[in-house]
Each structure stands twice: as C-alpha cells, then as structure tokens.
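Below you will find one chain, with nothing else, as structure tokens; this is the form predicted on its own, and questions on how it binds or moves follow later.
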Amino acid sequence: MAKKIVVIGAGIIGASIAYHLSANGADVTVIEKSAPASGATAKSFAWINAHFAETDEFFALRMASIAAWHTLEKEIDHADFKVRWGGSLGWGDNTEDQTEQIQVLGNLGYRVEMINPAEFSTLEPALRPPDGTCLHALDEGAIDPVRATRALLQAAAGLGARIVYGCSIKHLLMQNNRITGVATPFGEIAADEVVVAAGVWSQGLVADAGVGLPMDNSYSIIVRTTPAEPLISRVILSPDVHFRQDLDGAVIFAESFSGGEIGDDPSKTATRILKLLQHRVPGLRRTGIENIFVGNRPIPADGFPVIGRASGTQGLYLASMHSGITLAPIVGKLASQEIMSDRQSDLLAPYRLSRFQ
C-alpha cells in the first residue's frame, strides 16, 4: 500500500517534494491555503547559484542543486520550466573584496573569472559597463518561479498527486507524539507523514504540535517591469541595483537579490529603484512597473535550511529555508528519499532541526 503523505504548502519547495514523492510511488496530497507559489516563491529574485555559500557543506548542497536543476529541467520538459542559464556579472566598490571572492570560489571549483569593461560590453552590450573589472560566474541561471512551480505541480498531478487550493490547516493531528494527519475547515485528512513546507507559516503550524522552529523572517521588495525587448542575458549584480530578464521580457529587479528595504511607501521605493535600473540599461527608459512584490521571506534563525524530521515527534518532516529557488530540486529529491526509505542523506545532515536544541 502506498505511503500517504500530506504536503502543506504549494510553493516551489512543497511542489518539488510533492513531485519527487509522487515519482517515488507515494500517495500525495498537497494542501495550499491560497494559490500556487503565492507566498515567498512569487517574491523571489529566483537566482540559481552557489555564489554566497557560508560553509563548504552549504556550497556542496547548492552545487548539487544546480546539477539537479539541469536534470529536472529535462525531466519535466515543460515550456514554463526553463532555466535561463548564462551566469552572472557582479561588481562593487571594493576591488579587494572581488579578488578575495574569486579566489574563494575558484578554490571551491566554482567557474568564475574576472573580466574588464570591454569584455563586459561584449557579453552585455545593452548595459552601461562598470568602470573597473567585474566577476563573471559562468554556471548560474534564473527562472520564473511561479511558472516553474505550477509546472512542477502539474507534473506531480500527472503522477497522481492531489493538489488542493484554498484550504487552510486548522492544526496538525497528533496521537501519542505522532503526527497522523491534518485538520482543515472541511474535515480531517489522515497521513502516514506530514511535510510542512509552508514558508513563514511553518513556525506556527508546528508550534501547535509542540515543535519549536526558530525563524528570523524578514520583509523585502522585488519589482517586475512590463515586458521589454530582449536586452539582458545574465543576472546582473551592480552596486546599486540587481536585475535580470525573464524569457517573457519582464525585468525582475531590486536593490539586492535578497530584496532590500521596503521603505515607507513600496511604490516610491520601486520607482526610485527603477530609475537606477534604467540608468544601467538605457533601453529600458520607456519601460514601466507591472508588479511590486512585498514579501516576508522565511529564514531559519541561523540562516541555514531546516530539513528533516523533528526529533521526538514522529510523522513530521520539515522543509523551511531561504534560497528555496536554488535548493528546490535537490531538497525535493533528497527529502522524498528520506521520507520513503528512512535512509538519511549526508548532504542534508547539517540542516536538522536538532542543531537548535
């Protein structure tokens, strides 16, 4: 009999776990209180990279996920699940920091190089080049996170998963320190295991079951322009604005890839940053703002993911993290293997909830 799994959350992490569980033969139900990718996923810069990995273990996990993106892209084979590979170009005010970063990444085996303004202009002719050198990371990419999540959920549904939208979770069902399912406004759903991948709502959900999930969430702003002609081929990390262009022509931008400060008025903040973008890319001077995304990003207290079962509570699997777009394929793959086989992944070992206890 197939293992019954309830996945709470239809963001990109929940979608990836649901897809991989379904591919492994599980009986999967995804519960989402709103719409697919309506939480942090939609507010993400969606840059796939291992650029800023604070530890060797986290670098290894992110590199494994970049490889998994290539595999999953072929597996899903959907028009909305296409990564725009091409790398990134970044520079700042401190050349020494750049030199140190390229040495650190190079020593880890990351494909990076330093290029001059002329080389920059060859790669990105529509952009104003930096005054000095910049770092070119070759193997990074970006994706439309909402479309990618919908494609993953569609693939999971094709494998038999049930996707339920507009259904909130009242609380987790518990018996003798074991999670046995979920209670919704429409009734109870029994499960052999419940996966909580609900972003900023995860902390409250598991707290009701007596599980502490330390989080340090933060608000940020990401802006999307109206579609423009193809001008930008890579992720661009300039000192004052970070930006990239989706395959549909929209440009995604913010003061920082992690979002940046919202300010007192999100509209004024977005307009101010748009002017910075238009200075960097003169061809966007007639392009306007289509959407402003103000989001609360789920960030575990120490900045690293929380992935795995909660010790002392059976039947509960946690998947909470920042960098969810980069990590989605590998987390989906490895989490599903752990849930279905009970074998523990070495790559996920540093990210158990037990480190906070």
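Everything numeric in this text was worked out from a predicted model, so none of it was measured. One rule holds for the numbers: they count along the sequence shown, beginning at 1.
The discussion below concerns the form predicted in complex with a small molecule, not included here.
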Exercise for review: Identify, from the list 151, 191, 205, 173, the residue with a heavy atom within 4.5 Å of the small molecule in the predicted bound form.
Suggested key: 205
Review point. Of these, 167, 228, 163, 211, which has a heavy atom no more than 4.5 Å from the small molecule in the predicted bound form?
Key: 167
Point to revise | Contact at 58, 305 and 345 by the small molecule in the predicted bound form, all three, heavy atom at most 4.5 Å | key: no
Check your understanding: With the partner removed from view, which of 78-86, 257-265, 97-105, 113-121 is the stretch that lies within 4.5 Å of the small molecule in the predicted bound form, judged by heavy atom distances?
Key -> 257-265
Exercise for review: Flag residue 318 as yes or no: does it have a non-hydrogen atom within 4.5 angstroms of any non-hydrogen atom of the small molecule in the predicted bound form?
Suggested key: no
Check your understanding: Quick one: does residue 65 come within 4.5 Å of the small molecule in the predicted bound form, counting heavy atoms only?
Key -> no
Check your understanding: Is there a non-hydrogen atom of residue 198 within 4.5 angstroms of a non-hydrogen atom of the small molecule in the predicted bound form?
Key -> yes
Point to revise | 4.5 Å heavy atom contact, residue 35 to the small molecule in the predicted bound form | key: yes
